[in-house]
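Below, in structure tokens: the form predicted alone, a single chain.
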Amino acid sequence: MNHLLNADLHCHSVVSDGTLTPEALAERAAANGVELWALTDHDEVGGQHRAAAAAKAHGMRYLCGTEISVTFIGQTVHIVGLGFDPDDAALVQGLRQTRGGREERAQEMSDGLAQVGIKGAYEGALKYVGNPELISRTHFARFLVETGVCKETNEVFRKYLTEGKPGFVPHRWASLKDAVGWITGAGGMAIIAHPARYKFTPNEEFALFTEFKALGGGGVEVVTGSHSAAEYVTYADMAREFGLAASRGSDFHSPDESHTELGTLPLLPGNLTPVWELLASRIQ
């Protein structure tokens, strides 16, 4: 399996903040020609066995996945894990702890919105949550669109849910060391998700990649839904500089919200090592 493979190794189901079931995602991915797929729900592995079975039913190969929220230099960074054992006790417990703060945070977000006249946001957001442990800003955004406060979810984030706005509450996530350790300890590979999204200075980004590599991190998303063509080149260079394998994933959440459809990204550049070459023994 080489860089020409149509692999989509980053997407979300109702188990976290997506709107489709693992089965519906598998069907959609297969219809779009995906050959190797991974479901990477936020801080959760509850959909993995369903996703693997659905992938097999649609003739796709499968890699177990998750996306772990990490705090690094005061910012939230996402680390994707691929090819691990989803029943590994340390990983499952670590993810449970990471999810633990979400409900309390959601209540505080609702309180902040209530102070600017938006009542009942917590209860409203819960209607969109498949898993109450994983209530997130995305669920609040869907509620504010449904009730006509904003026209689209991007507007909600801009006006209410980013730093300095009424509904923003920071969350203390796992450490980079925790996330990489849980993934590699369970036999998988840790991957920096959509690196262009983080607002780091060049020195801070260098620190992230350096520490990630030193902790045993193995890959970086080069081709992903939020990257531009120029950013594909930038992070292909970063992958080579740090000796990291390259990953590819749409970060698909919903047919109505996602800009990039499952399986429709450009192929990985040919001068990189695809993560799936190093994870061949973990592919189902």
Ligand code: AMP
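Everything quoted here is computed from the prediction, not taken from an experiment. Quick note: we count residues from 1 along the sequence shown, nothing fancier.
Just so you know, the form predicted together with ligand AMP exists too; it's not on screen, but the next bit is about it.
Contact here is defined as any heavy atom lying within 4.5 Å of ligand AMP in the predicted complex, and by that definition each of Asp17, Ser136 and Arg197 is a contact residue.
In summary, the region of this chain contacting ligand AMP in the predicted complex, judged by heavy atoms within 4.5 Å and restricted to 185-193, 118-126, 152-160, 82-90, corresponds to 152-160. Although the partner is absent from this view, Arg105 contacts ligand AMP in the predicted complex, with a non-hydrogen atom inside 4.5 angstroms.
Contact annotation for His227: none of its heavy atoms lies within 4.5 Å of ligand AMP in the predicted complex. Although the partner is absent here, Trp173 lies within 4.5 Å of ligand AMP in the predicted complex, judged by heavy atoms. In this stretch, 28-47, the one residue having a heavy atom within 4.5 Å of ligand AMP in the predicted complex is His42; the partner itself is omitted from this view.
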